[in-house]
Every structure is written in C-alpha cells, then in structure tokens.
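Only one chain is shown below, in structure tokens, and it's the form predicted on its own.
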C-alpha cells in the first residue's frame, strides 16, 4: 500500500460520516417536497404516509410560491440579515478601535463587552421585548414618560414656555406591531452579535503594524487618514469573515421572531417552514429547498467576497 493511500483511508470514515450527515436529511427533504405528505387529513388519509404513490411533482413548490407570505418571508430574511450585518460591522469596528488603546480597567471592559454574545437567543428576545422595548413597562416607556414630563415642566416656564409648547408629545413605539417587529429583532440580534465582531476585530488589531502608524504620524497624517488608509485595510479580511459567519447564522433566525411577534407580519423563511410543518410537510420541505437555494446564493456571494479579500 502506497504512502498516499494511507492518509486517504484514515480520512474516509470521517468523510463518509459527514456525507451521510448532510445528504440523508437533504435527500429526505427533497423527496418530501415532491409528494403530498400531511400529518392530519380526514378526507384523504393516504396523504398522511410519505408514499411515492402521493407524487405531486412541483405542486408543493407552486403552492409555496403562491403563498401570500412567501415574498414577505424572502424580503424579511434579506432585510434582517443585511441590517444586522451592517450594524454589527460598523459598531464592531468602532468599539474595537476605541478599546484597543490601553486604559484603566481595560480587561473588565472587554469582558463586559463580550458577555452579551453568551446570552441564549430566547432569553435575549424576552429581555429586550419585555424589559426594554415594551411601550408601557419597559425602559422605552419609562424614558418617553420622563421626557414628556420634562417637556410639560418646560412649557410652564415663563420665558421659554412658548418655544417648548410647539413640541409634540412623544409616543412610545410598539415593537410588537406589524411594521416595527422586524426592527425589534434587528436591534436585539445586533446587541447580541456585536461582541462577536468586536472580539474578531480586536484580535486583528493586535497584529496591526505600529511602525506604519508611527511613520504616518511623523508625516503629519490625521487620525482619520490613519484609520482610513491603515486600520480599515488591515481589517478587510476579518470583516469579510465576520460577514460570512454571521450571515449563515442569521438566515436561520427563529426564536426572536416567535417571541416578538408570533410571525404577525414578520416572517422569515425558517418561520414559514415552521408554520407549514405543523401539518403540511410537503410544503414545508419545498420551502426548505427554497431556503437552501437562498442560503447557497448568499454563501457564494460571501465566499467570493472573502476569497477576493484574502487574495489582496
């Protein structure tokens, strides 16, 4: 046996296990998406069995495409993912640059900044929607009530009362409403995942060439010029990696949407799959295939971006 075949034989069990782990669920999902398969049907009990005799072809895909929530789920998936990526990258870079310099209590600050990443998603959603974003009992309601009380007091003053009298009374925002529930999800997930970006960027900044920065200072470069032409190019690869990893995770958000709105006007593809899976397994499987296609499109785009960054 040649020396080249030994490493391949040693790798074979792991490769076969990974293939089974990935291909079997995908094959079953693909099969279910082409048959009529429901969990409960008194009119047609034969549909409750995943039999090839219930072949439907592309009927499940047509049913999903004609669903009133499908386009909404696609739009919300892209809105939530893109918004979270934009906010986490911007905040992550700014916070990482801010805490990169030595200051008293730096270690404690770094630990506190990273700690939100270890909060469970369901716990994170419950805390935000009930204790912070609630318009009555949350911090938002308390803050709006305090500001309105301050404005009322200023309106009573003799000199500037007329000026503040023109200010409208603030109204708290209900983040459980149809139009704003997606933004509640974006806020809470951004808070949870920004520490991940901070950790990656902060680690990368430790290897930044300080001699280049010293030379730039001697040449009279401003702080903004140093950040734009030295720090940002240095963070190019970490930014690309953070975007790719977070996009994979955020495409599968479910708990936050369920807790915030129960899917009322705010659904993504995983949530739509869950709704179909309550009874219509065929439609749920077809939606899952659409989700796989969307994830692969996003992954190809991000891998190209990462590959381009790594080649530079």
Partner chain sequence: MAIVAHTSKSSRFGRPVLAWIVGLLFFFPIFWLVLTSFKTDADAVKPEFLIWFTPTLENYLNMTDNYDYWRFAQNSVITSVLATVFTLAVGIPSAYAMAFNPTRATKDILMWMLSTKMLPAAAVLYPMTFLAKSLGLFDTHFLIVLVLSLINLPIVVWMLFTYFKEIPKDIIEAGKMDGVNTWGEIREILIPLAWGGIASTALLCFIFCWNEAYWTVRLTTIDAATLSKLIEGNRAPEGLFFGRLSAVSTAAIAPIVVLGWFCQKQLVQGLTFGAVK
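Bear in mind that the values here come from a model prediction, so they are computed numbers and not experimental data. Positions refer to the first chain, counted from 1.
Beyond the structure shown, there is the form predicted in complex with its partner chain, which is absent from this document and is the topic of what follows.
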(message) Using a 4.5 Å heavy atom cut-off, which of 148-156, 121-129, 164-172, 69-77 contacts its partner chain in the predicted bound form?
(response) 121-129
(request) Give a yes/no on whether residue 160 approaches its partner chain to within 4.5 Å in the predicted bound form, heavy atoms considered. (result) no
(request) Look up in the predicted bound form whether residue 32 has a non-hydrogen atom within 4.5 angstroms of its partner chain, and give yes or no. (result) yes
(message) Within 4.5 Å, heavy atoms only: does residue 83 come near its partner chain in the predicted bound form?
(response) no
(request) Classify residue 233 as contacting or not contacting its partner chain in the predicted bound form by the rule of any non-hydrogen atom within 4.5 angstroms, answering yes or no. (result) no
(request) Consider the chain as shown here, without its partner, and state which of 97, 177, 90, 221 has a heavy atom within 4.5 Å of its partner chain in the predicted bound form. (result) 97
(request) Could you run down 96-123 and flag each residue that has a heavy atom within 4.5 Å of its partner chain in the predicted bound form? (result) 97, 98, 99, 101, 103, 104, 105, 108, 109, 110, 111, 112, 113, 114, 115, 116, 117, 118, 119, 120, 121, 122, 123
